[in-house]
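What follows is a single chain, given as C-alpha cells, in the form predicted on its own.
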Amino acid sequence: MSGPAGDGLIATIRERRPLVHMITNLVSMAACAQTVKSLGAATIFAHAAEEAAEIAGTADAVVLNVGTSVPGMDRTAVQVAEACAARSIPVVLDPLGSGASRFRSRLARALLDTGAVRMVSGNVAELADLCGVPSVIRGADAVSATAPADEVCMKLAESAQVIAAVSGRTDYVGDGRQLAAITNGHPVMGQVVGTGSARSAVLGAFAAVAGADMFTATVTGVCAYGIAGELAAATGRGPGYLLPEVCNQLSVMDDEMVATRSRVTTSAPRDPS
C-alpha cells in the first residue's frame, strides 16, 4: 500500500485549527505543544483540578499522558475523561510507563474504563500491560512482551474497543478487525526523550478531525510523524537536534507527502461474525 487513505486530514487540521487539550508528561510538554502547533492545531494544557475538566469540554480532542506522577493527577485525569465521555470528545491515552508501577497501571485502566478513550498510543510493553499480556518495562522503555507487537495491538483494540497504536521498529495500528504495519520512522527517534509523548500529541490533532474513521486518522498520523522523523534524521545533526527538526518537517508536511512517502501494509478486515 503506497500510503494511507486519509486524504485531506492535514489540510483539514490547518483549516479548522482544532484545539487539543493535554494533560501530559511534564518532561516533554514543550515538544508536545510545538509538534501539534507545527501541524497547524492549537493547544492548551490544564493540569489543575479546578479547570481541567472545564477546559477539556471546550476542546476538539484531549490527550491524557500518565508519564509524570504528581499528587492528584490521577483524579484530575479521570474527571477529564469522564467530561469527555459525556460530550463525545475523543481522548488519546498515552499510558507512559504503564507496568512500571501499580499506580500507573491502575490509572491507565481507570481511564479506559471511562469509555472516553478512542485511541491508545505507546510501546509494546505499555500496551501489553493494559490487556493482560506479561511484559517487562524499564522506566519508560519497553524491554519485552510475551506476545508479538502486532498481537498485542489487536488484543488491546479488541478488549478495550479502541484504536491501538504500538510504536517500535515497525509501528502497528489496529482496531480489532484490521491491522496496519507501518515502517516509517528512524532508529534515532528511540534515543530522544519525548518522541513518544510528542507522537501521542500529534495523534491528538488527527483525532480532532477524524470523524467516524479513527482508524484511518491514526494510521495517517503515525505515518506523518514517522516521515517527519525520517526527514529530521536525514540532516545528520544527531539526537539533540531531532525534535526541533521534526517540528520543522511537520510544519511543511502536506497530505500529498504523506500519501507518497508512507510505507503501510494493511490486512484485510476480519469478518466480525
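Residue positions are given as counts along the sequence shown, with the first one as 1. What you see is a predicted model, and the numbers here were worked out from it, not measured in a lab.
The protein also exists as the form predicted in complex with a small molecule; that form is not presented, and the subsequent description refers to it.
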The small molecule in the predicted complex: contacted by all of Met189, Gly194 and Arg199, heavy atom 4.5 Å: yes
Taking the shortest heavy atom distance, is Leu111 within 4.5 Å of the small molecule in the predicted complex? no
Could you confirm whether Asp175 comes within 4.5 Å of the small molecule in the predicted complex, counting heavy atoms only? no
With a 4.5 Å heavy atom cut-off, would you call Pro90 a contact of the small molecule in the predicted complex? no
Verify the contact flag for Gly185: yes if a non-hydrogen atom of it lies within 4.5 Å of a non-hydrogen atom of the small molecule in the predicted complex, no if not. yes
With the small molecule left out of view, choose which of Val162, Ala81, Leu179, Leu96 has a non-hydrogen atom within 4.5 angstroms of it in the predicted complex. Leu96
In the predicted complex, which of 149-157, 112-120, 163-171, 71-79 comes within 4.5 Å of the small molecule (heavy atoms)? 163-171
